[in-house]
Each structure stands twice: as structure tokens, then as C-alpha cells.
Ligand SMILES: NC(=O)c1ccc[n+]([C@@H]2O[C@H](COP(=O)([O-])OP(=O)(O)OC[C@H]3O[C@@H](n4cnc5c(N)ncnc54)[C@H](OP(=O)(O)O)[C@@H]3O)[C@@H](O)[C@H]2O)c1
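Only one chain is included here, represented as C-alpha cells and corresponding to the form predicted alone.
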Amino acid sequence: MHVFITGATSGIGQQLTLDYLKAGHHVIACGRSPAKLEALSQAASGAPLTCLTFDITDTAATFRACHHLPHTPDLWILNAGDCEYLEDGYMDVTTFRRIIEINVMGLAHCIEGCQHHFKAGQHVAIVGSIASELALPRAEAYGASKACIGYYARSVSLALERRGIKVSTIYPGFVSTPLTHKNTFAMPMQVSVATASHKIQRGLARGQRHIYFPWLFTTLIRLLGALPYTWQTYLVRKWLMPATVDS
């Protein structure tokens, strides 16, 4: 099987790359850092790996890289993304734009760059986040970007699946990666990248349209997200937001 992975030089994407290579599949690993891709190539130890260097926020570079691929992928894993937070409800347009450009427009660039390769029998997997299912403090930019991704994935699946192309959306909880290592708050039920990779591979092999992990944490978030907005707001304020003292 030929597997195309964006964000392949770090975190979940890197682990998926190494695991699919170990299983004997050919991986097209995409990243923006030549040095990190070189390190990944060395770690692959001669396994069938092709590296593509481009920045997903660069429309032209993404189109060039994705136009001519060495092999037509059977599985596309669109994983690249970033996370930054806003503080105390203050808008920071630079941060907000950067996260939308990477997470939303970066995905759009990859889809448009690759879609002429799409054909029946293939599988497209898009990595979102469980954060898209519940409004959380400081997550205005990140949560909005992942909500957009989740809606897009569910919507585009209606058209692609009519053409015989499977679409899966992946909703991770907290995963131990360089991104989450920067967090200064508690991350309940955090899992390793090895566990995340295993859950994703298993879900994709089973053809699951929606892949949630860890099960208990993401189920709790989904249940909270199903409540009326007033209840959601009350519970998030009560459980997650620090008490304020009036001056």
C-alpha cells in the first residue's frame, strides 16, 4: 500500500510514518523542514520512503509538490497542523490568522493539490481534534480551525464517497507530542504517539468514518458537546475556568 502523510516530521505524523514503513508500506512523507525529513529518512533505514519538502501554507509550493507523485497513494492522511492559544478572550489577529492559515487553508491547499489523484478505492483521512466539539477557554483560534476541518470533512465525504472514495475524520484527545509539551495546563487521559498511531491505523483499516481516542475522554467531551449551549457554558466555567475576584 502507498500512504501519503502530511506533517510527517513530528508527533502523530512521524509515528504513523514509521509504523506504516515498519509494516512494509511505501510512505510519501511530507514536511517543510529538509533537515527533519533527512533525519526521518535515516530513521527509515532503507524502508520504501519518499520525502516531499513543502510548506502547506504556500499554495504554489503545495501544488507543485503534489502534482507529480512517484506513486498514486491508496491512503491519504492529511495530518499537518499547529496549535496556539489566545489569552483572556483578547483577539490577536496575527495568531488567529496563523492558525487558520495552517490548519484550514493548509488543508485546503493539500486537498486541491492532490485531488486530481483521487480515484475510487482510495481512502482520505483528515485529522481534526476533539476540541472542535466543545467550546473551551483559550481555544478560540485552534478550536475554530478544527471545527471548520470537521465540518469540511463530513461535508466533502458526501461527494467523495459517491465516487467510491472513503473519508475518515480523526478526533484525537490529548497526545504527547512536541505541541502538547508546550501546554501548561492539565491534559487528562493523555496518550502516547504510539497509542495514537495504533488507534488511527486500526480505525482506518476498519473503514471507520469517525475515529475518536482515547475513548473515555472523547466520549465525555462529546456528551458535554451534545448538551444545550447554556449548560455547556456553565459546566466549562465551573470545571475549567479559574475563579475570578472582583476588584
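Here the structure is a predicted model, which means the values were calculated and not measured. The first residue of the sequence shown is number 1, and the count goes up from there.
The discussion below concerns the form predicted in complex with the ligand, not included here.
*Asks:* Please identify, from 160-168, 73-81, 89-97, 115-123, the stretch that has a heavy atom within 4.5 Å of the ligand in the predicted bound form.
*Replies:* In short, 73-81.
*Asks:* Report whether all of Gly7, Lys146 and Phe174 sit within 4.5 Å of the ligand in the predicted bound form, measuring from non-hydrogen atoms.
*Replies:* So, yes: the whole triplet contacts the ligand.
*Asks:* Might Pro188 be said to contact the ligand in the predicted bound form, defining contact as any heavy atom within 4.5 Å?
*Replies:* Result no; Pro188 lies far from the ligand in the predicted bound form.
*Asks:* Quick check on Val27: any heavy atom within 4.5 Å of the ligand in the predicted bound form?
*Replies:* Contact check for Val27: no, nothing within 4.5 Å of the ligand in the predicted bound form.
*Asks:* Wondering, does Ala44 line up within 4.5 Å of the ligand in the predicted bound form on heavy atoms?
*Replies:* Ala44 lies outside the contact set for the ligand.
*Asks:* Does any heavy atom of Leu179 come within 4.5 Å of a heavy atom of the ligand in the predicted bound form?
*Replies:* Judged by the heavy-atom cut-off of 4.5 Å, Leu179 is in contact with the ligand in the predicted bound form.
*Asks:* Looking at Ala153, Ala139, Ile102, Leu134, which is the one with a non-hydrogen atom within 4.5 Å of the ligand in the predicted bound form?
*Replies:* Going through each option in turn, the one that passes is Ile102.
*Asks:* Just to confirm, with a 4.5 Å cut-off on non-hydrogen atoms, which of Thr59, Gln208, Thr219, Ser33 contacts the ligand in the predicted bound form?
*Replies:* Going through each option in turn, the one that passes is Ser33.
*Asks:* Pull the contact list for 127-150: residues with a heavy atom within 4.5 Å of the ligand in the predicted bound form, in sequence order.
*Replies:* Counting only heavy atoms within 4.5 Å of the ligand in the predicted bound form, the contacting residues of 127-150 are Val127, Gly128, Ser129, Tyr142, Lys146.
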